[in-house]
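In structure tokens, one chain follows: the form predicted alone.
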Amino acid sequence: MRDAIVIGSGISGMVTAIKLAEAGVHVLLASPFPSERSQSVMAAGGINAVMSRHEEGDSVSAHIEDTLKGGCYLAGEEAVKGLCESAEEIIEYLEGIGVVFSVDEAGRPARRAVGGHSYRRTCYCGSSTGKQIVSALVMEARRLEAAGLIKRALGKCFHSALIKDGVCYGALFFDEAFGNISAEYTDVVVVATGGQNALFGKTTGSTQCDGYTAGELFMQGVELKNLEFVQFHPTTIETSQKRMLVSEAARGEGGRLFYMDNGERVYFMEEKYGPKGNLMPRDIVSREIYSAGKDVFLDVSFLKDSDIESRLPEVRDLCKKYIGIDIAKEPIPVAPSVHFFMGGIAVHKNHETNIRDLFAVGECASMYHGANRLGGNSLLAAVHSGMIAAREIAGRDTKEDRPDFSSAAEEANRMLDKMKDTKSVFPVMYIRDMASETMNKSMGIIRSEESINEGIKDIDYYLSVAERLSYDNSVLPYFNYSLTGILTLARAALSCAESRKESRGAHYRSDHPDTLDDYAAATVISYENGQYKVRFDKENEYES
């Protein structure tokens, strides 16, 4: 293996690049923004691992079972087994590169409880675990940049993959500095572009993660998987720009959810699910908050001020800054918000897609979480998936012959020029806003055939006018050319939701509330001649 391109510089992208570079592969690490601006820095709660000195009764097998159960047994058992078995080694790796975990009295990484887990196994760095991991990985990447093995390419926006006869040979990128699209050739491309937040507008995540890459690859023949499973985080606060996450760490430290009824607090999760009710899986907690039909609050004020300061400082600062609340004295008003996407690019256990030499890692790849993700498993999967992909790629042969895709770059640039002269009543950003409104209505916490079909009708209309819109020259050309890919991904997600006529995990349909054996399989969707074709993967073809 001679070289590789990694698209996306969050945790999964950096881990892939670092591990490839350590194996002697030259890596182009391409992204619009620096790693410090990736969504990875927002990960707060922690990273799961059953350590050698674990809580009594806990085990790796228990972590595996919790993960499979939380995902309603749609995730591949062998993949989940590999994820959980690698966890302690991953913690040791992160410590070795400078991640400073909070520690217990014995100086070992401290662990907290998070939703869906049977035991306390989530290691953390206060409530800024993602930020700590990103900082450590940035330093590792810089070391390998200095050695000439990683080349950073900032200001590069993905346009499309270079695919011929089912094999990937590189990608087209829009370069902000030069204002044009050019081809980058390579032996392997790794996509690490995160989830699909912009489909839903105001979420807990970064709108940099807009799903365009998955949508464009889908139109190029890459299969997608489990798009109907969208996780709502139960505890967020609203700001003018986005929903801000009140970390699950707050409930892990004993935080209690309640609403007021006739002047009395009703701890509804504990009443229905017992003492650990506040730490039920996120889909359950979100639906209960939604169904309460009242303002819901999260209370941590009974904790010692010193414990709040040492364990939840970011939560305290967040609430004080954005809603003027001191969590040591007042409860936090919370509501669910779109937070994580279990669905994405379909990959095999080695993280390769159905296109040879095209890989996907991190949240953009659907692999470990099934129908719902457990708290603390996202950071673990981000690191693990990067390591798995790098290990596979490093052993690949170098491509001796690479087709010439210069005509594809020329055509893409002609399309950019054409967009500047196209006029219509609606600008691109207006359609993006309307599409996100549609997705929130159609793919919310509780769905129905009626709401899903209304969404399909709306998105189909937006797609029908996408090439006749008034493109805004005041924004990056990326926002113009990415519209069709984003809308196509939205349409694919709605198709998956319409096809799954049951309720499972994060997909709840009021018209089909039961979980049915007929749907005990991953949803796989392909795009052929403008048609969306959904099938249920009962042969487990993506678990090999």
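The model shown is predicted, which means the values in this text are computed figures rather than measured ones. Counting begins at 1, following the sequence as shown.
What comes next is about the form predicted in complex with a small molecule, which is not displayed.
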Per-stretch contact check against the small molecule in the predicted complex, the hit in 460-468, 368-376, 408-416, 178-186 (non-hydrogen atom, 4.5 angstroms): 368-376
Is the small molecule close enough to 234, 343 and 440 in the predicted complex that each of the three has a heavy atom within 4.5 Å of it? no
Should residue 7 be counted as a contact of the small molecule in the predicted complex, where contact means heavy atoms within 4.5 Å? yes
Does any part of residue 217 reach within 4.5 Å of the small molecule in the predicted complex? Heavy atoms only, please. no
Any of the heavy atoms of residue 67 lying within 4.5 Å of the small molecule in the predicted complex? no
Would residue 156 count as touching the small molecule in the predicted complex under a 4.5 Å heavy atom rule? yes
Taking 4.5 Å between heavy atoms as the contact cutoff, choose which of 488, 31, 495, 503 touches the small molecule in the predicted complex. 31
